[in-house]
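Only one chain comes next, encoded as structure tokens, the form predicted alone.
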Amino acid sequence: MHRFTTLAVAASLALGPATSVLAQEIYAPNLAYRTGPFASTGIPLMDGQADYMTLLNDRDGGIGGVTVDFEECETGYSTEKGVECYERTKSDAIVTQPWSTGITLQVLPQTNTDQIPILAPGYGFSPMQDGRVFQWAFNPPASYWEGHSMIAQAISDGDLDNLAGKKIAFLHLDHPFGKEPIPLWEAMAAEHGFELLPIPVGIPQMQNQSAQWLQIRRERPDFVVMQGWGAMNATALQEAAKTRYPMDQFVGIWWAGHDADLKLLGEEGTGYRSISWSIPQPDAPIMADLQQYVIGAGKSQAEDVNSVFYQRGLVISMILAEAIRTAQEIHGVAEIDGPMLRDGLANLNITDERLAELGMTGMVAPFATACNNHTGSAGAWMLRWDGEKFVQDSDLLQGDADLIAPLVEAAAAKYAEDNAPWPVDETCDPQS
């Protein structure tokens, strides 16, 4: 059984691993998806997450002298199974990591009563940025709305008015995840005078998108922007190549930038871009530690530790670990609970200096969260496939806060109204 207790006291933080005999463990389950139609993306992400926690346990004796139980509960990306995993793990967990916008939306209403924070790095419901309304939900370091705002900046050469009169196809999974960016694109289209062409891909159609790409060939959009996941991405890339759609006019969200999908195309994929809040750093000091303590010790399932998704998994578990560490410091205890972790997640400060200490310089941009900003808004880079690998193709980009903030506020207020009575943290100032 996986349990955490509250036996440890502030002294254990000061004394470190030597006092860990007093401690039990911190239970931080991960609602993984190593099976099903999205397994190709899930496996490297879960490998990176698990390896980071194994490193902390084996190299450091855990976090603050307490080991972390990072048990996986397999969902296959099914919302129903995800909710079952949440219910099965919630009594002992300090966090839930849903790994699906659908699962996130299902468990979100329960967070106020269960007092278990949702950690959804770079996914979930973009209005979760409003920590006044979504007190228990966090999506650092960047939201989908921020990501698609950055994509729009990239394809417009920094001025969205350059898109006036153009046609943009939004190829998306017909699922809450896929639909999440539509309100932002509608707002940008209305303001800047371009045509938005939503093209949904049903889960049964993910590996047969001939109808969608026939429509793209007929409509001849200036850009195709993809909110894709799993098998959908590889199929879309292959269809784009087959129909000779210009790859430099095809851009995906960070979950549509999977090395393995592009390796299937090789040179044919040259020019395809993906926005990304993480960049692989094969020579980062943490990679040497992982080789020594985890990979070389036979404790990893990973096949390509330099891939975008594996190293993104490392960053995701780093965010959780730093939140645990911050919560320990705030409360002066080693074995934290869910409400304590919420405080840690709301007070993250991932600086350049801290990234250097962690051996992760350049893997993610610095960011900080606050009670009124549960996203942190780190920004992201555009990556481009050069025929063999993804390479950095832009400086750090930022979402358009002036556009996004009112959308977040309105969507959060509507959510609270639709789910009334819904508690709002009135002690926290709205985002300026």
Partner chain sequence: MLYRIAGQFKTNYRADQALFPVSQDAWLLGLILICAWVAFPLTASEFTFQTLLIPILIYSLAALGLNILTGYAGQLSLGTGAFMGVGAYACYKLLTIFPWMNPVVAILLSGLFSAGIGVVFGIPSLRIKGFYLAIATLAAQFFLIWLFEKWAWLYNYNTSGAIQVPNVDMWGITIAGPLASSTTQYYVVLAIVTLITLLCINLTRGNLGRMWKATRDMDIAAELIGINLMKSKLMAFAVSSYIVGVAGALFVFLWRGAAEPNLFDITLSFQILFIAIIGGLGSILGNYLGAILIVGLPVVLNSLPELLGVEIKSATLEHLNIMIIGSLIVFFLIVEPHGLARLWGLIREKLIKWPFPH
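Numbering follows the first chain given and starts at 1. None of the values given here were measured: they were computed from a predicted structure.
The same protein has a further form, the form predicted together with the partner chain, not shown here; the description that follows concerns it.
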{"property": "Candidate from 79, 156, 306, 361 lying within 4.5 Å of the partner chain in the predicted complex - any heavy atom", "result": "79"}
{"property": "Single option in 196, 286, 203, 187 placed near the partner chain in the predicted complex, where near means a heavy atom within 4.5 Å", "result": "203"}
{"property": "Residue 244, heavy atom within 4.5 angstroms of the partner chain in the predicted complex", "result": "no"}
{"property": "Heavy atom of residue 113 within 4.5 Å of the partner chain in the predicted complex", "result": "yes"}
{"property": "Contact test in the predicted complex: residue 88 vs the partner chain, heavy atoms, 4.5 Å", "result": "yes"}
{"property": "4.5 Å heavy atom contact, residue 266 to the partner chain in the predicted complex", "result": "no"}
{"property": "Options 179-187, 274-282, 156-164, 337-345; stretch whose heavy atom lies within 4.5 Å of the partner chain in the predicted complex", "result": "179-187"}
{"property": "Residues in 30-54 with any heavy atom within 4.5 Å of the partner chain in the predicted complex", "result": "34, 35"}
